[in-house]
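Have a look below at one chain only, the form predicted alone, in structure tokens format.
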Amino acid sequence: MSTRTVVPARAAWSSMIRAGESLTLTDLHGNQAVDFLVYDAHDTAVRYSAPDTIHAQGGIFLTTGSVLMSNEHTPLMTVTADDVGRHDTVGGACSKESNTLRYGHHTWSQHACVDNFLAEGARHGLGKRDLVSNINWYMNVPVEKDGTLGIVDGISAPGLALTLRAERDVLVLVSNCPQINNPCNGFDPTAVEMTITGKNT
């Protein structure tokens, strides 16, 4: 049995994913960044850790076989399928503050991923102190030999998907990125689809 939800452009979404269940994210229209956080559903002090994940796999990009590690260096979710081949762990979530710094004060009123995370997280008792460095599915953030990085045109396309298996009961928070000032969404945010599939399906 599976449950499908279309998350509109710029919107937030969250769900508990039980141990053994799978979550599939589908980029419906192509080049849509999906900001992503994951917590232990029974103890949200245990949450996704970018340093632990990068250290465990020996690289900064996520793809099939990557394990999302917690701040206790325990597995939260595993990428079991990936049509794209590379996803970002270092670009962070857009915010009013970072937009203003990067793109100018005229962007202050624009909606941002941090707003989505705060609003959706509040539904589960989470606050600003609970936000950590996030994953950016489908976002293309190449790192050059000199260590510089940039947010450039995406490498996803309509219908491409990735699937994660929950290694324990987890709470997932998603911000369907509303950014319009860089190419992470092709300057035109669009909808994505979330599909939860039972472990016996």
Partner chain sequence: MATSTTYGARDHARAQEGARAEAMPVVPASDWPDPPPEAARLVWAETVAGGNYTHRVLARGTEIRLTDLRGDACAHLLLHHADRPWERLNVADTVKVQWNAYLGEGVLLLSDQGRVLASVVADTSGRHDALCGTSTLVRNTERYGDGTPHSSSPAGRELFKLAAAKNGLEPRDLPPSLSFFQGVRVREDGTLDFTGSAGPGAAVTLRTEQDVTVLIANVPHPADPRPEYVSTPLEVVAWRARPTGPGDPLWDASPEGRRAFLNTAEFLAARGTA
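Given the structure is predicted, the values throughout are model-derived calculations rather than measurements. Residue numbers count along the first chain shown, from 1.
A second form of this protein, the form predicted together with its partner chain, is not displayed here; the remarks below concern that form.
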query	finding
Within 4.5 Å of its partner chain in the predicted bound form, all of V67, V174 and G198 (non-hydrogen atom)	no
Contact test in the predicted bound form: G150 vs its partner chain, heavy atoms, 4.5 Å	yes
is_contact(R165, its partner chain) in the predicted bound form, heavy atom dist at most 4.5 Å	no
Contact of P158 with its partner chain in the predicted bound form (heavy atom, 4.5 Å)	no
Interface membership of V79, its partner chain in the predicted bound form, 4.5 Å heavy atom rule	no
Members of 162-177 lying within 4.5 angstroms of its partner chain, judged by heavy atom, in the predicted bound form	none
